[in-house]
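Before any questions on binding or motion, here is one chain by itself as structure tokens, the form predicted alone.
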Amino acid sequence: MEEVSVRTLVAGLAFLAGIVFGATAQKTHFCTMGAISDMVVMEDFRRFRSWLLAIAVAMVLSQAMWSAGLINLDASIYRTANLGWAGAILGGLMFGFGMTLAGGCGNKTLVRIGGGNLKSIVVFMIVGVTAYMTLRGLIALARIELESATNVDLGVPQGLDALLGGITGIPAGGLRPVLTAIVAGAILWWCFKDAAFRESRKDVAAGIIIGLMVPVGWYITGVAGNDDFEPTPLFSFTFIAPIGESLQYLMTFTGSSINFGIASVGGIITGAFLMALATGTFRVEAFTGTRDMLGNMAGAVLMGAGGVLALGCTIGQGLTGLSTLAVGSALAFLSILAGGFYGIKYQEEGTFGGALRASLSRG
């Protein structure tokens, strides 16, 4: 295939996969921030279990694809030898706290745009601009200085399998199936031991379908996008940097090239929009006042900068990254949880408490 046709194929498949992702998230209310808020505010763990189920599904299938020789996850950004532990922790905390102010993570922002939420359009734009500023703009210098001062060269890919292999002498390829079985098995046991979760078909379906989207992304870029002359970088679902790239693409279309991330962003908004229309849940929603607007804007800034520092969001690191068994992804995942937990408690105990309970209800 020629380079242009491969790029078009990858973008088209990413757009279709994004439609499935967005429609599923819209229908099932799959949302990381919502999952954390359910636990903290209502002591309801079903949506959190749904998120963990998605992690287990993504991990098992991604590792199976690697074992089958379809992809090489060492080529992903998550398993580089350069461990950015400080960025993962600081960025994760920023992102987790920011998403509580903005009413949802990057994925939820896209889904809400499709559902008619005008606030999320503002969040989308600020996240994109801030992310790009952190990648290549005004904030990039501070990011580079932080990385140069704190990043650690491990000498091997930062996968848990590679690190344990270096300690024990066991080949990483032999450890991966064992580690996958242990980690994914423990997650699945914890998810399905709860009767309320087992009976919640919506949450179970959300976890399975969203989890499937990660290996689908690997397949699109690693197999369908494989080209001898200009191979597509191995990539799957993540949203912060792609939101910034999407804004740039919209502004400089004639001089830009579409990629998996940009196409998937468009697909998620489209899928959520179609599902909202089909289910009669499309609603135009605007800011309720100055405080609401400022909170969303501040949260968007934290998400944009934090997501770039952490190399991903709740989906990019908390789902796609963890499917590779990357240590940095685990650090970012735990930091996002901590930031989200503190953000929910901060708002619940402040003047936003009543509004928070209403806006984060499962309905």
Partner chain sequence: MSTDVTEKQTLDVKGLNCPQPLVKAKKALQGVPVGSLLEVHATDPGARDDFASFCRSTGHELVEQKEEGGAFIFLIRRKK
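Numbering follows the first chain given and starts at 1. Because the structure is predicted, anything quoted here is derived from the model rather than measured.
FYI, the form predicted together with its partner chain isn't displayed, but the following is about it.
Out of the listed residues 338, 42, 64, 294, 42 is the one that sits within 4.5 Å of its partner chain in the model of the complex by at least one heavy atom. Comparing 219 to 227, 158 to 166, 144 to 152, 112 to 120 against its partner chain in the model of the complex, the single stretch with non-hydrogen atoms within 4.5 angstroms of it is 112 to 120.
Remark: all three candidate residues (37, 283 and 344) come within 4.5 Å of its partner chain in the model of the complex, counting heavy atoms only.
Not displayed here, its partner chain is kept clear of residue 236 by more than 4.5 Å at the level of heavy atoms in the model of the complex. Looking at residue 288, you'd find a heavy atom of it within 4.5 angstroms of its partner chain in the model of the complex. In the model of the complex, no heavy atom of residue 264 sits within 4.5 Å of its partner chain.
Residue contact with its partner chain in the model of the complex: residue 215 places no heavy atom within 4.5 Å of it. In the model of the complex, its partner chain lies within 4.5 angstroms of at least one heavy atom of each of the following residues of 87 to 117: 100, 101, 102, 103, 112, in sequence order.
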